[in-house]
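Next up is one chain by itself, shown in structure tokens, the form predicted on its own.
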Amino acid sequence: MTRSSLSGAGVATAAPVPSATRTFRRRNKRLKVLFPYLLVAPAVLYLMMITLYPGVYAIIQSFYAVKFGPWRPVGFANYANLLNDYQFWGALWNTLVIGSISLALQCVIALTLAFFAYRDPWVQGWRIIFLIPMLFMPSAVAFIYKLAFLDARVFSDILIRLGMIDTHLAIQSSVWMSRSLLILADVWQWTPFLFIIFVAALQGQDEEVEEAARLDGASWFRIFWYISLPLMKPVIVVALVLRAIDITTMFANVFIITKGGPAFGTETISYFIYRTGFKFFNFGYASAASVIMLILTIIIAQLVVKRAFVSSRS
């Protein structure tokens, strides 16, 4: 049967698609694939400009002696000098001590609040109250704590009126009291960050598991300790790593409240980099310190997260 007879018998034949239409469809498919990347491209370029470029610039600068003049190449001399700098190691130790105590307190307080809040309907309605401290600027919080504990001595006056102490607390002359003040300010402001993450993790768990444990006679505390808490382990680790990375950059509290004193007892690594770069104008040395801190942070965070997720799967 010929093609003409088929058309005469009423069988429709498909018309050939023009080449221009096929080209348009191919371009349209490519545009659909590339369109999401085009949308995020400005944000990616912006982030690269404010993160990648300064990072590469700091790495290059760390191999030079940079002050108010031409750059002088020194190789690894800045890194070698840092290894023998007791103030650098002291700043690392202060960052570890202040950060670990602050992080432990934040974790315990946030878990406790989340335990009492995540199933209580009344607390759920007023959960925004727990987030108020996190809404303040770090510099504003630092000024408030400096005014309350150092300048106006409001806290000391209250203790004197209550008869608990006889004279004003000499916070600025005590290393541990100054560290405690920094820890208190950090815990007050950033515990809500962990709280909201822990509450979300608890609410995302299967309620049937809790119901089964409750029917077996388990108390709320046992359910939380033996069921909810192990399931939250990856979330807790990631949240603590994020807070730990943020604590390593603690600067506003140190700069405003203690200035790194007394006797460099509260100088964190961020304040050490600031002091080296913007007080002594040794920018190459400060860049080397920031690169070392960046490498240590990446290695420790990677090891902790990897170990936590591997252990959670086993």
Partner chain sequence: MASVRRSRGESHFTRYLILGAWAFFCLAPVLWFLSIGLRPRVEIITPQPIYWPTFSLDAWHMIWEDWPMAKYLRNSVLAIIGSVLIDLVLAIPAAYSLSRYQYRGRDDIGFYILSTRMMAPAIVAIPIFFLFRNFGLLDTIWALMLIYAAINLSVVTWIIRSYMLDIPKELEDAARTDGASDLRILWEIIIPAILPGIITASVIAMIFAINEFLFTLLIASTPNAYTMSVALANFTGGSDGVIYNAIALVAFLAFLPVFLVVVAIQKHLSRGLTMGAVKG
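Please read all numbers here as calculations on a predicted model, not as lab measurements. Residue numbers count along the first chain shown, from 1.
What comes next is about the form predicted together with the partner chain, which does not appear here.
TODO: Identify, from the list 104, 147, 162, 170, the residue with a heavy atom within 4.5 Å of the partner chain in the predicted bound form.
DONE: None of the others qualify; the residue that does is 147.
- [ ] Could you tell me which one of 92, 238, 213, 175 places a heavy atom within 4.5 Å of the partner chain in the predicted bound form?
- [x] Looking at 92, 238, 213, 175 one by one, just 238 meets the 4.5 Å heavy-atom criterion.
Open item on the list: Given a 4.5 Å cut-off on heavy atoms, tell me which of 194-202, 223-231, 95-103, 72-80 is the interface stretch with the partner chain in the predicted bound form.
Closed with: Correct option: 194-202.
Task: 4.5 Å heavy atom contact, residue 86 and the partner chain in the predicted bound form - done: Flag for residue 86 set to no.
TODO: Evaluate residue 251 for contact with the partner chain in the predicted bound form, applying a 4.5 angstroms cut-off between non-hydrogen atoms, and reply yes or no.
DONE: Residue-level check for residue 251: yes, a contact with the partner chain.
Task: Partner contact for residue 280 in the predicted bound form: the partner chain, 4.5 angstroms, heavy atom - done: Residue-level check for residue 280: no, no contact with the partner chain.
Open item on the list: Please tell me whether any heavy atom belonging to residue 151 falls inside 4.5 Å of a heavy atom of the partner chain, as the geometry stands in the predicted bound form.
Closed with: Yes, residue 151 is a contact residue.
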